[in-house]
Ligand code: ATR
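We begin with a single chain expressed as structure tokens, specifically the form predicted on its own.
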């Protein structure tokens, strides 16, 4: 009997996860399939009950359900509980356990351009859900400091206050961060600024970078944002959002079937999908 896996969100038609995971099930000869389900916010509880009743082996959770799903799960991993968001659910003997692989996925993918964040000074741009997952994950890795720059300094400050893991952190406006850009070993752009179709925008000027700095932008449409292009031109090692997306999916797949999949295959698959995508 085929095992069911899924992704729930609203909207969901743009998701690249079904193609990525179904390819992996075929590649590893696993008798399973992965379906996208559009679930309206008011139907979330019923959807979780339905997936439980169907015996789903697990599922991914995307916008706008990552926070709201927590009360409907039986157990939530420590990191996901701290972040306050779940993107991966595993069914363990019928018990639904929530995890967050967004931050760990970013950290795992980051290793190709920055092997360790221990002792590094980091700037995160943005204070939304992705920034929260990345901030909480990096804070556990003994960085020298992690600062957050955001249009709303109060929101950045609240994110810092919420984190239970020790990290020397300051909240800055984007203008303040602009003047400090030369201090950071790693800069992580987590907002939608520069995403297609508004590709001419960028959140900060990255012309005065520290020698050897790494700069990441979790956007992958376009694959190289104006922000990343400027960083590369000024000597930085750069990374777009493909690695974070691929590794968060790989970590979810591993939790479901105990196989760490071929991430190069996953990356090629995602790039093929992006090549045919309009947005």
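Computed from a predicted structure; not experimentally measured. Numbering follows the first chain given and starts at 1.
Form predicted together with the ligand: not shown, discussed below.
Undergrad: Considering non-hydrogen atoms and a 4.5 Å limit, which listed residue (116, 192, 179, 142) is close to the ligand in the predicted bound form?
TA: Checked against the cut-off, the match is 192.
Undergrad: Of the residues 164, 175, 128, 71, which one places a heavy atom within 4.5 Å of the ligand in the predicted bound form?
TA: Spelling it out, the residue with a heavy atom inside the cut-off is 128.
Undergrad: Within 4.5 Å of the ligand in the predicted bound form, counting heavy atoms only, one of 143-151, 90-98, 179-187, 104-112 shows up; tell me which.
TA: Checking each option against the 4.5 Å cut-off leaves 143-151.
Undergrad: Is residue 121 near the ligand? Define near as a heavy atom within 4.5 Å, in the predicted bound form.
TA: Contact with the ligand, no.
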